[in-house]
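Look below for two forms of one protein chain, each set out as structure tokens: first structure 1, then structure 2.
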Structure 1
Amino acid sequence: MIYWSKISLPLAIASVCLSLQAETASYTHDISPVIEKNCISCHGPKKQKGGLRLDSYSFVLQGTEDGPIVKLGNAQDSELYRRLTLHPGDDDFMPAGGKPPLKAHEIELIKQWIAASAPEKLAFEFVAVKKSVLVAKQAAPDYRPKIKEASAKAESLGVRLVPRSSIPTDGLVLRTASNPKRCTDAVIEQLSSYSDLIVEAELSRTAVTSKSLAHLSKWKNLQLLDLSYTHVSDDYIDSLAQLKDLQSLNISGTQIGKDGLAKVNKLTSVARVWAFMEAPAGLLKK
């Protein structure tokens, strides 16, 4: 089963399904330019007609003394939306003072924005949980013959290879947390000679890029691959399909875009994928 998890924080995060990508608006990207152009002259720092300011996200949500003008999730019941959709001759119509009405697509944007609980910025979250329980795998060859050499090599490269447990077939963990930036594509390449022993690669916040994926995709015993907050992009992402034992993949905060995600989604063995992104590049482009 795959699902896109929705976070119910009202103001914070709209979780965007891939299919929705183009339709969801955020205050910063979409709404503030419209308000800026049409409303600030009367609802800004200088004038606050009707006791209302609209020149920041929090002002918009704050509304007036009488209450909020945005009802999260419901455009029809939101004063903001109602005022824009009245007949231009109506006393309550906004923008007031005979100014030109908003364009139809701008009004539509505001409607969708309110419907999506009026997020300030867009972050999005993609979680694919296909199996709730990870399968214990007979991991790797006995590490004992090579562990000294492997860990010395890792040490010389500024990273660590440590046994996952005292059971010699439980494999090694590639650990970089002490100084993630020292772990570069070159380091990954040099560790490849011990790749059959490595079952977990903790590469979060390291300097690795998509180039490393070409190597990592041959680390055939990898079960966990954490690439979060690296510069990994869509390139070579499909090569991970070669990793038959890969169970957990974290690509949060990477450069991976819509196409890359679609490919990740096709990786059949992976039980867990995490991709938590802040306003992901390429996904929100209109």
Structure 2
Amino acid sequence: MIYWSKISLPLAIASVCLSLQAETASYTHDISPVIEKNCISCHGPKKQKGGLRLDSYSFVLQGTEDGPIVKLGNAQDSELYRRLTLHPGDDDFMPAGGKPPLKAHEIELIKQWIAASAPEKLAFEFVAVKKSVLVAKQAAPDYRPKIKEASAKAESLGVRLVPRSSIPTDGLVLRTASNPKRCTDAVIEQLSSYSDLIVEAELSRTAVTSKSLAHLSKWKNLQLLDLSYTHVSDDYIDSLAQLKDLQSLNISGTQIGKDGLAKVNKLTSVARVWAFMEAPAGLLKK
């Protein structure tokens, strides 16, 4: 039996009220127009850069010769979402050719559509975060003085640290999807030297365990933490309460039980928790 829970909790940043509003969206009315506006010139009927065509739902799911660009229910491991959230200077960034990045709410729409298993006809729930006032608080210190050093260290460990945006105070994203099993508790410990710069940690399917939570709980600027399909258990999960800016937590397919879920529910800064608690057969075998 698969258990899923989405827990909506209060979200506050720098004493500025944010409201979470659940809306409904659909591929036809919301996702397709975003793709049409930003992607079809390079991936449409006349041109299919990289062998990718995006002018219909079936083409989007078809992907390229290298495989699908959308992994149903898993935005973090979807190539489409990965490329949209790269630094604009990255060779893999989309849209390419100097075109402007998608707006934040457009990327969030695509992310939540994929997380909802990318329905074609059915509406999906879209949780929009609307700010009552502009938030001046920076996400992290300016990464420019340390970006080369941090990137080189991450590469030597088999993971990646990439800017979340072209704004140097938007922080870095820890990516592991290219070889998740290389990311271990030891890697997390070694990256702690740059923890103040890291705002998102995508650790899905990595080899991390609950031991890493002791280090992650000190990554004070962390906003998104994906621990899905890892060996993380109830141990130390309550230490994440130290992360005052943590907004999104994915614990799907972990070994967290009822006691751990109760602790997660007390993480008052977290707005969204994803918790498919039964992993696919054999995925978590050591």
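Start at 1 and count along the sequence of structure 1; that gives the residue numbers used here. In this text, all values refer to a predicted model and were calculated from it rather than measured experimentally. Between two forms, the rigid core is defined as the largest C-alpha subset superposing within 1.5 Å.
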| said: Of these two forms of the chain, identify the one that is the form predicted on its own. | reply: 2
| Aligning on the rigid core, do we see the C-alpha of residue 53 shift 2 angstroms or more between the two structures? | yes
| said: Please state whether residue 205 has a C-alpha shift of 2 Å or more between the two structures, with the rigid core used for the fit. | reply: no
| message | For a quick test of reading the superposition: does residue 95 move by 2 Å or more at the CA between the two structures, rigid core aligned? | response | yes
| field | Shift in Å of the C-alpha at residue 107 between the two structures after core superposition | value | 50.2
